[in-house]
Ligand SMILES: Nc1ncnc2c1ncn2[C@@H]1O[C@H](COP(=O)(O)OP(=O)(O)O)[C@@H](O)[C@H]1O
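Presented as structure tokens, the chain that follows is alone, the form predicted alone.
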Amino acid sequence: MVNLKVERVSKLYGGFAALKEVNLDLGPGIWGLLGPNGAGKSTLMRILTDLLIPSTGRVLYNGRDIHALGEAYRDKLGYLPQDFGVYPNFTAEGFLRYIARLKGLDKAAAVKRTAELLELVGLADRRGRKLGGFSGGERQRVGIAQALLNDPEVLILDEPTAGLDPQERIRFRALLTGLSRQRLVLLSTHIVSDVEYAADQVILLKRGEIIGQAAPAALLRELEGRVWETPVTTEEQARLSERCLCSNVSRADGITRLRLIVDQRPTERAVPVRPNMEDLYLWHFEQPPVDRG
């Protein structure tokens, strides 16, 4: 069974600590990494891929240091970076075969695996098209495919659903669920609903430190009794938005309603509602999460 252990990992850039004494023990399943910009998510993921050396601490793959393992670890690793680039003059099929050969697959295996993955990510009908003509979402699907070429045990995905439309994101979440049965999948994203629906465990990272880790339902329990919806007048909206965390504003039938996160009932008309992951994000990071549909 695959295991990735992060032991007291810190990363310093001059006097700035991007990560501070991070400890994690990760096994098979989908792990969602959630945090605002600058929290240290990409730094952590680059350390987990051995692209970045920690200032202190170490990462162990099944009990062995990943840096010492070197290529033996990378053979078990699939990675989709946040800024994934493609060669625009390659076809989708040609690009994946090229990356497959770089990853050590022989010609026959590269051809077979490329065909399987193009089907898996819904690009089989565009295998012969040049990547320069692909949409952002299609390029992202090619990126997901290349991360799976070597059938990795550890799959690290940095903003994998950026550029995907809602239907593509649902398909991607279903794909992740199937992949995670025997794999360790670490998913970093600003799209909170992807974490809420896909992750078995959620890791909250803020200013380089782990501030929480649990199943989504367990994390949401801390907000029970703190999330309210209330109709408001224009004056109430301004006043309540200043003194409460507001996670949503809606308007229907001429009535404005606020979704507020606060310990006490904010108005006499407020009713308690079930917390969601966007509420949790705002509660911990005090800024609205990105919603791309």
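None of the values given here were measured: they were computed from a predicted structure. All residue numbers are counted from 1 along the displayed sequence.
Not pictured, yet referred to below: the form predicted together with the ligand.
None of 258-266, 60-68, 30-38, 245-253 except one has non-hydrogen atoms within 4.5 angstroms of the ligand in the model of the complex; the exception is 30-38.
Within this chain, residue 43 lines the site of the ligand in the model of the complex, having a heavy atom no more than 4.5 Å away. Although the partner is absent from this view, residue 82 contacts the ligand in the model of the complex, with a non-hydrogen atom inside 4.5 angstroms. In the model of the complex, the ligand sits beyond 4.5 Å of every heavy atom of residue 277.
In the model of the complex, residue 22 stays away from the ligand, with no heavy atom inside 4.5 Å. Along 1-28, residues 13, 16, 18 each place a heavy atom within 4.5 Å of the ligand in the model of the complex.
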